[in-house]
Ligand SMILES: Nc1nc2c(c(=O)[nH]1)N[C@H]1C(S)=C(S)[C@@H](COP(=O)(O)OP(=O)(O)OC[C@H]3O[C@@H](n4cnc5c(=O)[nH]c(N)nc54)[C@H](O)[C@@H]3O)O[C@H]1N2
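Okay, so here's just one chain, in structure tokens, the form predicted on its own.
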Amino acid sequence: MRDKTISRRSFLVGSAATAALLTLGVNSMDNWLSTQAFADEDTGMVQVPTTCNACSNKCGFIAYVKDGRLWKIKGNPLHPNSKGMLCARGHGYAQIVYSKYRITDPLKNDGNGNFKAISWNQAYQEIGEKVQTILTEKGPEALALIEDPRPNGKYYSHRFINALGSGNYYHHSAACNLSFTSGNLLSMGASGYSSDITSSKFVVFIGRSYADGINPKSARSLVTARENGTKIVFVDPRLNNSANFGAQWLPINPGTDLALVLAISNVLVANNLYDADFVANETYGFDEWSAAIGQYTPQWAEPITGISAGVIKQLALDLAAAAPQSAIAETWRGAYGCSYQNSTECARAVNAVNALLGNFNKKGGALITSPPKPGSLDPVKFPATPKATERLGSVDFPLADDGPGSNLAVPLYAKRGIIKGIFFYNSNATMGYSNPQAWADALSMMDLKVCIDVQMSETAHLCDYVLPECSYLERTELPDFLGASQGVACARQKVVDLVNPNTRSCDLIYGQLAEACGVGQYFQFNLDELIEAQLQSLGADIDEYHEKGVTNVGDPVDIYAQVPAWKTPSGKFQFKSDLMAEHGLEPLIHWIPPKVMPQTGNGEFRLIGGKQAIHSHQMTTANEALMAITEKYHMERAWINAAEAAKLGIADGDLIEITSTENSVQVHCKATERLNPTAIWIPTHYGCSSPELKPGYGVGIPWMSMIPFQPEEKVGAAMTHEVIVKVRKVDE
């Protein structure tokens, strides 16, 4: 069995390049950061608290402005995510404000893929006319909107599409965390939880790496947990960059995490190592499930997972011994966010283990909390939009998290001739949400495609109109509400004036589009009025909000003293879901194999992907400083297990060809012992095919081009790791 125990020293020796990279990424960032971001002289600078936009964490920082230009940024110590720190990605992405790769004017596609600049008035008029035609001929359900939500987008995008009468609002979750949130809702009635690892005694991470998808608060929590003596185990086909803080790495066969978790449950139940009071008082369906779990022994799981039965049993015993200060940590995109046929079931099973440990809202356990939400606003100033149509996809994917829905419904309904017009905001759907050709084919059948973005993405290239948003440093946005024990409102505030004067912020774009589309009555307020109304509804200190970038809202609560409010049909944690039974699925948490499996000894591998600390999907690959790090350390390479590479005559650094049913690509490889032998791992940020984004153009593999269009049954996640590839060496 491939069970590995690693020390801090052996990890650092084995990953010197990674250690050097992380040091460089955080502390240097070459020319830009050495000359601007860490300048010592603050005299004469204006300080503006705001939030980052390099990823969805939206960490707080202080922007220093000199002579009207951004000079440097420092983490805001008051912000709950940054706590005074920023990652390399956050520092580097700030360059977007002065990037020469931005869209500077509204653009119109001539029908042959050529774009010309037009006026805002022309763009609004033509888009408005086409929207009215679609509404007249097909009705509001023929319009849809997809976004990767940020503070303003979460309000204005939803309001805009609903004002048009359409319920077809989606965001990126089908390729991020839709299985995870859907499984959570089915089992515990909440979309997620957080792991209280700094107070834990024993934590298991499954496919999640804080050091690769950086949130400074989370990365710091790993350090604190390690210093506190927390034992941390990483279950991941790849030895990720968080494993430096762990006691053990288990290189599981990808797609078999569910089998591991079921076997852990088996040990806990069979040996009565669970919280009997919690199970008796707070759960539904336990008796039926506990009888069924008997088949999933560690011996059963060993050949499936590649992890020895003894190690699996010890994991369960260690979790039980430390309970309730133990947990399986929350995931995101990785192992079961959206990756496999069994991802939703895996989320349910992970929650079942935490339920057996009785750790929900216990110190060191799994914390279910809700951020504050604005209260009711003046209905005259902020009128409710009309009742919208039912969101398309709700029948196809009835178990999907109803908040974001599954954006994979859009290609399905476009090909059926139902969706005829679409708006994209801050979303490169065609390259990030599933097979690009499936998206391109669907868009070709629509009458109107509009993209609102800062850069000319691949999705923008397929649209009829491209509307240029200003960068996040040139606009103010709505408060970002966060919180667990204490709710806070965090500010994104304008830092500098418009660099490209013909760009606009999304609140203005949506309001002006609404006027052109005949629904302007729902946008008769400005952004400042909306910000003030939201803050006032929560009793926030508005002056402190603007001055410090963060202010408390609501009263602090003792989250450890609260039993979660189980918002499930049974009103309890559910080992059994009657809703799944209603839709023809097994209601008890059970084993589902991956959709596809590589044939050992046949030169087949499972293609899996993941994040790197300096990039945020493809959004950052037009950034010269961040791509310089990629180039220096050859970070675009595909990883292959060294022993398997040798069998194929492949050496470290060789050019290889990777072929799936959908595409064949070439890239140089990294032959390493840090990877399960059944997998090929690729960083998912690369493969840019938009020539306007020169720094990233043609670098690395376009991950989604390798993956079939295959929505997960009843949920609609993209199943991004359900693809088998063959690999061969290419003579250079």
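The numbering used is simple: start at 1 and walk along the sequence shown. Since the structure is predicted, the reported quantities are computational estimates derived from the model, not experimental observations.
As for the form predicted together with the ligand, it is not shown, yet the points below apply to it.
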Going by a heavy atom distance of 4.5 Å, is residue 575 a contact of the ligand in the model of the complex? no
Verify the contact flag for residue 305: yes if a non-hydrogen atom of it lies within 4.5 Å of a non-hydrogen atom of the ligand in the model of the complex, no if not. no
Can any non-hydrogen atom of residue 350 be found within 4.5 angstroms of the ligand in the model of the complex? no
Residue 630: heavy atom within 4.5 Å of the ligand in the model of the complex? no
Please identify, from 354-362, 213-221, 184-192, 373-381, the stretch that has a heavy atom within 4.5 Å of the ligand in the model of the complex. 213-221
Looking at 610, 405, 106, 479 here, can you tell me which has any non-hydrogen atom within 4.5 angstroms of the ligand in the model of the complex? 610
Residue among 616, 157, 166, 230 with a heavy atom within 4.5 Å of the ligand in the model of the complex: 616
Every residue of 435, 507 and 714 near the ligand in the model of the complex, heavy atom within 4.5 Å: no
Along 172-194, which positions have a non-hydrogen atom within 4.5 Å of the ligand in the model of the complex? 172, 175, 176
